[in-house]
Ligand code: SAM
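Okay, so here's just one chain, in structure tokens, the form predicted on its own.
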Amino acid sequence: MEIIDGYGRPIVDIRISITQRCNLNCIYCHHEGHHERSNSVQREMTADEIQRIVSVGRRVGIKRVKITGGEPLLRSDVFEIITKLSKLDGIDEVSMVTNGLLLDQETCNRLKHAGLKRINVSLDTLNPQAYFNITQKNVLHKVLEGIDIALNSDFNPIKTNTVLLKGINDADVKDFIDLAMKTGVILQFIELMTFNEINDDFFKKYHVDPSPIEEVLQGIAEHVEIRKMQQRKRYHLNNGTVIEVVRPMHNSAFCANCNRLRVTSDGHLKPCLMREDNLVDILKPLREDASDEELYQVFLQAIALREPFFKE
């Protein structure tokens, strides 16, 4: 059954943060819109709890699951989580966002065996010094090795996520296109976001308007696809390279076509990435032995709170 929110948007995707722990310290990280709460690590959901939440979520129309963090590969039971989710009837795809640092051959083999279909790897620069400046770790070579291993493990596709940062990587677009041509990864350029634009000095300093990059891509693309989800533009070059631009800021079309619900690592349904004043706790009733019907009502409560952050 497909549930439509008050703005005509179906809910077909769920993005689940399974931990706030991370082995990098990226300067722009918004923690999936999850401002740290004192008990968030202690309250991490178990594999069975994550499975139960997604299982109930199928009743509102959820078909695809994306596992995120923090860094999800830091959880020793990540393979168990993926196995449990991929075996649920009605779930078409389980994918994951990772920083790539732990993508060795054994890990990729186990992820594939568990049922993971796609991987997004955060890759904000190809310059080692800039990578250190962004992440506080000198490990770019390990991430690039991880991407190569994942590519050779037949995940389809591999995406790289690049958050555009003024003066750090906004001049590196050609280098990323060259990488895509060489490897076959799908590039995803992502606009820097903020939850408090007026008082966010970091955003003001580093925000990049993606429009000039889109103009360049428009000029070299064989054709441009408008994805249904969030009206993202996907540029197809004549050599097979695919580049996607994600621009959420002040983009009413993006919000009007959002069909995603989020779950924080401490078990709250999150109706909108940009807000944290309307979270709905689903882990508490689950741990108090709520029935599937009661958990379904929690989903409906969260969906009723959904509204576009940016409106026309």
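Everything numeric here is computed off the predicted structure, so don't read it as measured data. All residue numbers refer to positions in the sequence shown, first residue = 1.
Just so you know, the form predicted in complex with S-adenosylmethionine (SAM) exists too; it's not on screen, but the next bit is about it.
The single contact residue among 177, 213, 149, 190, judged by any heavy atom lying within 4.5 Å of S-adenosylmethionine (SAM) in the predicted bound form, is 190. In summary, among the residues 30, 58, 64, 260, the only one with a non-hydrogen atom within 4.5 Å of S-adenosylmethionine (SAM) in the predicted bound form is 30.
Comparing 104-112, 159-167, 179-187, 217-225 against S-adenosylmethionine (SAM) in the predicted bound form, the single stretch with non-hydrogen atoms within 4.5 angstroms of it is 159-167. At the 4.5 Å threshold, heavy atoms of residue 290 stay clear of S-adenosylmethionine (SAM) in the predicted bound form, well away from it.
At a distance threshold of 4.5 angstroms between non-hydrogen atoms, residue 241 is out of contact with S-adenosylmethionine (SAM) in the predicted bound form. In the predicted bound form, at least one heavy atom of residue 22 sits within 4.5 Å of S-adenosylmethionine (SAM). Although the partner is absent from this view, residue 15 contacts S-adenosylmethionine (SAM) in the predicted bound form, with a non-hydrogen atom inside 4.5 angstroms. Applying a 4.5 Å heavy atom cutoff to S-adenosylmethionine (SAM) in the predicted bound form picks out 99, 122 from 99-131, in order along the sequence.
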